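As a starting point, one isolated chain is supplied in structure tokens, in the form predicted alone.
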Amino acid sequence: MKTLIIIGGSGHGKVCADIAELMGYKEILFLDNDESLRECGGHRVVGHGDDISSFGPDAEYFVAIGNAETRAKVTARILEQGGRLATLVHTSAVVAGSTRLGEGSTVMAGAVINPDAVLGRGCIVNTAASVDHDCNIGDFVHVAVGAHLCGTVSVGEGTWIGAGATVSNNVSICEGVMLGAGAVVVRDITEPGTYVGVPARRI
């Protein structure tokens, strides 16, 4: 397979590189703004995060940056320069055949995405998280470790669903929400902000 360039040499990048190895990528290289960083997950860091254009048309790119706003900006820069985004799915993840998974997204180990779910560009479905049937997930959403979205949930762009959080079925969450770890959402969230608790309330 083609060379994979991962932007972001953090722990998240290390996990994404492991997924890429399992998918059969033979050459995995990192770009990172930390000039002291020499490797990540056993793979070389070969340049700065802005060095996207130097790898030619055969390379694919993956943005391994947790912050949604930064992930969106770097993704836009890759696409503006004609780069192609990889989509990474762990071999132990369960992804229904009718799922639509946006380019540049990742589905990590033990995650489950059920039929007719639609996920946008640059999403993260993290370790052991689940997205049930008919969910509609906007661009650059992060469903964190062990979080669960029940059926027919809608989540707006750039929202973070915290570790272990649960969103009840038929609930909509607007863009720009930070949902705290372990929170439980039982009604629509219509204003951006940070929400915590059971049931989730804005703070």
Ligand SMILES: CC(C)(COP(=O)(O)OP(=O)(O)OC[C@H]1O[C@@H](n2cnc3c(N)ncnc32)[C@H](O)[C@@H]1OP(=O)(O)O)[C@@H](O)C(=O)NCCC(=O)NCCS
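One-based numbering along the sequence shown. A quick note: this is a predicted structure, and the numbers were derived from the prediction, not measured.
One more form of this protein exists, namely the form predicted in complex with the named molecule; it is left out here, but the text below deals with it.
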**Q.** Contact residue in the model of the complex, from A59, L37, V145, C174 (heavy atom within 4.5 Å of the named molecule)
**A.** V145
Q. Just one of I28, V45, A68, A163 has a heavy atom within 4.5 Å of the named molecule in the model of the complex. Which one?
A. A163
(Q) I'd like to know if N126 sits close to the named molecule in the model of the complex, meaning any non-hydrogen atom pair within 4.5 angstroms. (A) yes
Q: Indicate whether the named molecule has at least one heavy atom within 4.5 Å of a heavy atom of M178 in the model of the complex.
A: yes
(Q) T194 versus the named molecule, in the model of the complex: is there a non-hydrogen atom within 4.5 Å? (A) yes
